[in-house]
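Read the single chain below, which is given as structure tokens and is the form predicted alone.
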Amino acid sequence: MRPPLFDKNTYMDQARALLAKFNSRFHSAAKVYRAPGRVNLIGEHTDYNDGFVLPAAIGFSCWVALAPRDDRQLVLYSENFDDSVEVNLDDRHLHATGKWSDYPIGVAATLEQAGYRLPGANLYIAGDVPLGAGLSSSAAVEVSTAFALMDAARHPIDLKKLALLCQRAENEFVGARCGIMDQFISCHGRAGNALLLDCRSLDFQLLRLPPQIRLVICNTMVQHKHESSGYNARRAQCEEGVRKLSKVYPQMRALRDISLSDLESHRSLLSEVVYRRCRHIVTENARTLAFASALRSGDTAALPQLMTDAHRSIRDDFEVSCQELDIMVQLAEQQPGVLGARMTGGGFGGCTINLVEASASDAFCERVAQGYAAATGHYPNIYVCEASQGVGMADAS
């Protein structure tokens, strides 16, 4: 399966279709906005440790059609869930309900708390980012909704600030303690490029991906959910490591501030589990910077080992892989034309990311799908992607 590439005509067609659906439901004109999901090439669980990540936006997106109202009501309809929700922006007791609407409502509430007064609005929300696959469908909803609401209110849009506010909505309203990566790449993605992000300073660098390489995402069909998984527990374990190590390194603010030799010298301060969690983060930061360096220099030969080591680390030290992900990676590594394979996303299910030569991508998809079905009894979804563009208004004219 191939998500739409960032092609103006294709996106115009999608925008027109959404406008027609909006008009059928709300009987008015609207503007259309879109924000992409993402795949992380390397740098897993490093974002909330002030580390480095290297994601790319992908062609799967969340689309929002919006028309302002004269009152302060938000009326939201989700095509994916075939469900409507209505809230009042003046209600200071808005809270999470565990439904899809927590993400757009949380964004609206967070923008209001940050001083951005919003008009009421009718919103038609539709997305094609696979749910529960670790491709950041939640950030795509948050960013597209936030951009649409800010534009409707005619507030100047600072993409860096917008990403931070969307992250706050997911942390504080939804209750998932995600880092900044997902929202940031959904805002700042660029077609044909990955993005190296320093999650402390939010400085970033766009890195051109080799044009002959495809980003092939293999969905194990094992869904994950941050709120009920071990994601928050892993974050707490990293924080425990920082608390204990900072007694030796007083200037330490996060795990990015120490080297592997520093960690090894003081591993006796940590439980075995916390030590391994910290070791993953420290080594993953080093791998991410090495991966970025290889892209800059065109050294694609360095990529396979970096991705192999990254998967082993996330599997053995951070323990967020699962049997299905490991099988998928093993199958991928056996295929011709593969320049690296590993799990991607928060873990506990979801997807693998594979760098595959374009000429080998069709055969790769067929062989991996057959092998995975034979090993697990489940047929995977496999998506052949290219790096896509970040959030914006969609032209339907």
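Position 1 is the first residue in the sequence shown; the rest follow in order. A quick note: this is a predicted structure, and the numbers were derived from the prediction, not measured.
There is also a form predicted together with a small molecule; it is not shown, and the following applies to it.
**Student:** According to a 4.5 angstroms non-hydrogen atom cut-off, is Phe348 in contact with the small molecule in the predicted bound form?
**Tutor:** The answer is no: Phe348 has no heavy atom within 4.5 Å of the small molecule.
**Student:** Does the 4.5 Å heavy atom contact test between Gly179 and the small molecule in the predicted bound form come out positive?
**Tutor:** Gly179 belongs to the contact set for the small molecule.
**Student:** I'd like to know whether Tyr231 contacts the small molecule in the predicted bound form, with contact meaning heavy atoms within 4.5 angstroms.
**Tutor:** Yes, Tyr231 lies within 4.5 Å of the small molecule in the predicted bound form.
**Student:** Could you confirm whether Gly43 comes within 4.5 Å of the small molecule in the predicted bound form, counting heavy atoms only?
**Tutor:** Gly43: contacts the small molecule in the predicted bound form.
**Student:** Just to confirm the contact call: exactly one of 351-359, 330-338, 64-72, 46-54 touches the small molecule in the predicted bound form at a 4.5 Å heavy atom cutoff, so which is it?
**Tutor:** Selected stretch: 46-54.
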